[in-house]
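A single chain comes next, written as structure tokens; it is the form predicted alone.
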């Protein structure tokens, strides 16, 4: 089954391909430069995922999936949340976003044991401008400082999942995929896609 992932983030596309497996052909919007991605104006990850999936599905006939993932840090009132990708500014990269988050925690003098956080992922599935389903996953953990590890992307070097003593950037991609927020949401999505197929 072929799917269009409404993103131009190659790291996200790679992770989706790994998690969905060979039964699914995943292409992303880098194959369609003429398609504009809508502004992520939603107040929640669910609203943003739906917005992106429906917009792309109106322009292409294939099944479209879009995800909105974010890191929620309890000591920062749930920030960066829906602003995770642009926490340090509209075109900020991963390093700038991580630096800003750690600066905020240091500024407030938040102790390590009080740095609880979670990664949340919401995936929307759409076709022909209609929403077919929404799937969610999350993983609890804490923020570590300084960053550790070189695998993964985004906030992975500062997120240590519960029950582990390594960050997402230190564990293998296979281990991460088994427990990650995106892994959980994709497992639910895969089940729904199999039902559509049958």
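Residue numbers count along the first chain shown, from 1. Quantities reported herein were computed from a predicted structural model and do not represent experimental measurements.
As for the form predicted in complex with a small molecule, it is not shown, yet the points below apply to it.
S.K.: Checking a candidate spot here: are 40, 85 and 176 all in contact with the small molecule in the model of the complex (at least one heavy atom each within 4.5 Å)?
M.R.: All three within 4.5 Å in the model of the complex.
S.K.: Please determine whether residue 153 contacts the small molecule in the model of the complex, using a 4.5 Å cut-off between heavy atoms.
M.R.: Taking the distances in the model of the complex, the answer for residue 153 is yes, it comes within 4.5 Å of the small molecule.
S.K.: Taking 4.5 angstroms as the cut-off for heavy atoms, does residue 57 touch the small molecule in the model of the complex?
M.R.: Residue-level check for residue 57: no, no contact with the small molecule.
S.K.: Decide whether residue 94 counts as a contact residue for the small molecule in the model of the complex under a heavy atom distance cut-off of 4.5 Å.
M.R.: Contact check for residue 94: yes, within 4.5 Å of the small molecule in the model of the complex.
S.K.: Quick one: is residue 12 in contact with the small molecule in the model of the complex, heavy atoms, 4.5 Å cut-off?
M.R.: Residue 12: contacts the small molecule in the model of the complex.
S.K.: Out of 30-38, 62-70, 140-148, 126-134, where are the residues with a heavy atom within 4.5 Å of the small molecule in the model of the complex?
M.R.: Looking at the other structure, the answer is 62-70.
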